[in-house]
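To begin, one chain is listed below as structure tokens, in the form predicted on its own.
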């Protein structure tokens, strides 16, 4: 089974959207998709209501997901770790124990724009349109991930 982790700051906006989107594109008998945040602000919380709403608009239900914090054991559990931005990348690799751990960590938008390390903007302080834009960016990246892995 291939295991994939999506990581953002609080695990309530971008990464649960990415988790839900990628889950919808992969056969779940062969893949496990999860998400986490680099901070502990929202451990146990549901995704932001705007993330839930935009996911629902596109036919996905992420309301059952709960926030959790990324930890060193995730390097052992997951084959791929996709981060949303440079801050997330730096926070994740700061916990890495080896080059093998670091090699698992990728910017998710590098799937669309190889080696550019572009960020998925955090929509938390923006309006609803920011969540829809983030959804579309993640959907494109997740389609490419799914195509590559299946």
Ligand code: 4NP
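Numbering follows the first chain given and starts at 1. Keep in mind that what you see is a predicted model, and the values were worked out from it rather than measured.
Here the subject shifts to the form predicted in complex with ligand 4NP, a form of this protein not shown in this document.
K.L.:
Answer yes if any heavy atom of residue 137 is within 4.5 Å of a heavy atom of ligand 4NP in the model of the complex; otherwise answer no.
P.N.:
Contact check for residue 137: no, nothing within 4.5 Å of ligand 4NP in the model of the complex.
K.L.:
When the contact criterion is heavy atoms within 4.5 Å, does residue 21 count as touching ligand 4NP in the model of the complex?
P.N.:
It does not: once ligand 4NP is placed as it appears in the model of the complex, residue 21 has no heavy atom within 4.5 Å of it.
K.L.:
Is residue 123 close enough to touch ligand 4NP in the model of the complex, meaning at least one heavy atom pair within 4.5 Å?
P.N.:
Answer yes; at least one heavy atom of residue 123 falls within 4.5 Å of ligand 4NP in the model of the complex.
K.L.:
Indicate whether ligand 4NP has at least one heavy atom within 4.5 Å of a heavy atom of residue 113 in the model of the complex.
P.N.:
The answer is no: residue 113 has no heavy atom within 4.5 Å of ligand 4NP.
K.L.:
With ligand 4NP left out here, work out from 22-30, 55-63, 94-102, 36-44 which stretch has heavy atoms within 4.5 Å of it in the model of the complex.
P.N.:
After filtering at 4.5 Å, what remains is 36-44.
K.L.:
If we check ligand 4NP in the model of the complex, which of the residues in 1-38 reach within 4.5 angstroms of it by a non-hydrogen atom?
P.N.:
The stretch 1-38, when checked against ligand 4NP in the model of the complex, contributes 8, 9, 10, 11, 12, 13, 14 at the 4.5 Å heavy-atom cut-off.
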